[in-house]
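Before any questions on how it binds or moves, here is one chain, the form predicted on its own, in structure tokens.
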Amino acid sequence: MPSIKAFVFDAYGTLFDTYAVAAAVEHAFPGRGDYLTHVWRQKQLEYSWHRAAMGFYEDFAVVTREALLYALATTGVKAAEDVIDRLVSAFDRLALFPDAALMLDTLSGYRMAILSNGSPEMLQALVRHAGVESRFERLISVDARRTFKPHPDAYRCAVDALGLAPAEIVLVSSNGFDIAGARRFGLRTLRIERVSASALGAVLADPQHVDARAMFMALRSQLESHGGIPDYTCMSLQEFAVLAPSILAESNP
């Protein structure tokens, strides 16, 4: 097995908190922010999969807008274009997860990149807003191959951009579909288990109180049953920062 030479991170949901848009959504649509935020994110992912399957590519900004329009339509709400524009642009200003900031401080000497569904413009705005432009060797967008994760060509973008073999790259992601796609392509994988199975079970214990957030956690926080087991699992990016040197040492005997 080749030595590990780079860590490549998913952006949305792994480094950056997609739920950070909820305050803006709630401000625009009082009382519906939580529901709309979770439906929006779910449809954002589904629409990327639809487009990848149909070979009908538009960049992630278009997908994000389409998904928001779907979420609003489920409530019968009609919003002005400037409100839609403002909410879509909130994806350019997502907050870093606190453990992401700590991890980037610790691993600043390592070869690291982002591989994301986000368009190049979205990714540049995202890292600039978070002040972490200098932390990554490359911001790799699937736009280069005009498809979305988990299509194999999406992961080929990382191989092309870094000039490495798939097995020399570890994809770090909290998204089960991303782990599954990367494994099938041949990348090594490290899962950030932000919501454990037991924690999810506790949330869902009372079916009378399963809300939109709980449903989103159930659909998005767990490994896919067809995806296999990742090479490594950590509960947080901070834990990953502690383990990264031993992961590299293990692969470079």
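Numbering starts at 1 and follows the sequence shown. All figures in this text were calculated on a predicted structure; none of them were measured in a lab.
Form predicted together with another copy of the chain: not shown, discussed below.
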* **Residue (of 195, 61, 28, 212) lying close to another copy of the chain in the predicted bound form, criterion heavy atoms within 4.5 Å** => 212
* Asked: Taking heavy atoms only, is residue 51 within 4.5 angstroms of another copy of the chain in the predicted bound form?
  -> yes
* Asked: Does residue 74 reach another copy of the chain in the predicted bound form if we count a contact as any heavy atom within 4.5 Å?
  -> yes
* Asked: Contact between residue 151 and another copy of the chain in the predicted bound form at 4.5 Å, heavy atoms?
  -> yes
* Asked: Hey, in the predicted bound form, is residue 110 touching another copy of the chain, heavy atoms inside 4.5 Å?
  -> no
* **Sequence-ordered residues of 156 to 186 touching another copy of the chain in the predicted bound form, heavy atom within 4.5 Å** => 177, 180, 181, 184
